[in-house]
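Take a look at this one chain, the form predicted on its own, written out in structure tokens.
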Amino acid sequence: MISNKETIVALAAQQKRLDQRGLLEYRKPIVIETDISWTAEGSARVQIGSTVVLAGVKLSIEKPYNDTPDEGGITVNVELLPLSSPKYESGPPGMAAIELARVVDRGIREAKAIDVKKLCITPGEKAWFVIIDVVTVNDAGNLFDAAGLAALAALNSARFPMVNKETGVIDYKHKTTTPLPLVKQPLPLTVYKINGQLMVDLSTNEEIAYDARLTVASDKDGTISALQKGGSEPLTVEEIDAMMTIALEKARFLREELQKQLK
């Protein structure tokens, strides 16, 4: 397939794409599976087209932070594996992994999706901490949406592990039926701008040509919790408004896929 930047930009001017999709059309299939790992408290596999990511949720009991003694905590980690793309290398997280982790984290944290006060066991002494790990299996584009969807699916599937009442030791081999205190369902959706045209779900071939992108994290009622701008070109107020409208509409679409496939 021809995938040079000039071709992609020229096609965008004609409101066309390399793979014949509409500008606001997602790749197929969209597959969401949960409980794929028995060692994690919650887990999910998400596939959008050829892009595949895994997300796992681990729960640990730690001392709360001094400034929030009655709250648990949330951490998001992302590992971009070399097996998922030749552009990634082994070693410490690079800028792409750090940004992806921040985007997923901010959507969840700023929405106050998890009632962190309910994670507290003993104020100032013990609280549950939620660790979300996202790993790429195949990067074929649009990791922001795939990672956010996988993280949300994994959080929904998570169950607290058993804890020995006498010793306080966690028994990770046995889970309770108690879900996380997940009170909101934030989902990030990324809209890209190429040669003045707005589109979603870019493939890796198309990602070389975008001028700007905006990731919008929103809840199921349309409440926006976070925004993340990327790309070298500026965006006008009108473009931001249009991108947010598209993001909310497509977030509803992905949310419907999540609900449909997890029934």
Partner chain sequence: MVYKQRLDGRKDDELRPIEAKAGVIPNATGSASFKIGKTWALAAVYGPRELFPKFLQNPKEGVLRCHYGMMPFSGSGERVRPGSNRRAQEIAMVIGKALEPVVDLSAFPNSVVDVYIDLPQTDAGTRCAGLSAASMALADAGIPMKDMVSSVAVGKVDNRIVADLDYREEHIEEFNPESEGASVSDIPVAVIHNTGEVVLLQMDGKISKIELVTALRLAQKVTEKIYLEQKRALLERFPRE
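Values in this document were obtained by computation on a predicted structure and should not be read as measured data. Numbering follows the first chain given and starts at 1.
If you look for the form predicted together with the partner chain, you will not find it shown, but the lines that follow are about it.
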Contacting member of A40, A209, I48, V216, with respect to the partner chain in the predicted complex [4.5 Å, heavy atom]: A40
Heavy atom within 4.5 Å of the partner chain in the predicted complex - residue from P123, P82, P179, G168: P82
Candidate stretches 105-113, 74-82, 180-188, 145-153 - the one whose heavy atoms come within 4.5 Å of the partner chain in the predicted complex: 74-82
Close approach of Y172 to the partner chain in the predicted complex, 4.5 Å, heavy atom: yes
The partner chain contact at V163 in the predicted complex, heavy atom, 4.5 Å: no
Any non-hydrogen atom of R27 within 4.5 angstroms of the partner chain in the predicted complex: no
The partner chain contact at L198 in the predicted complex, heavy atom, 4.5 Å: no
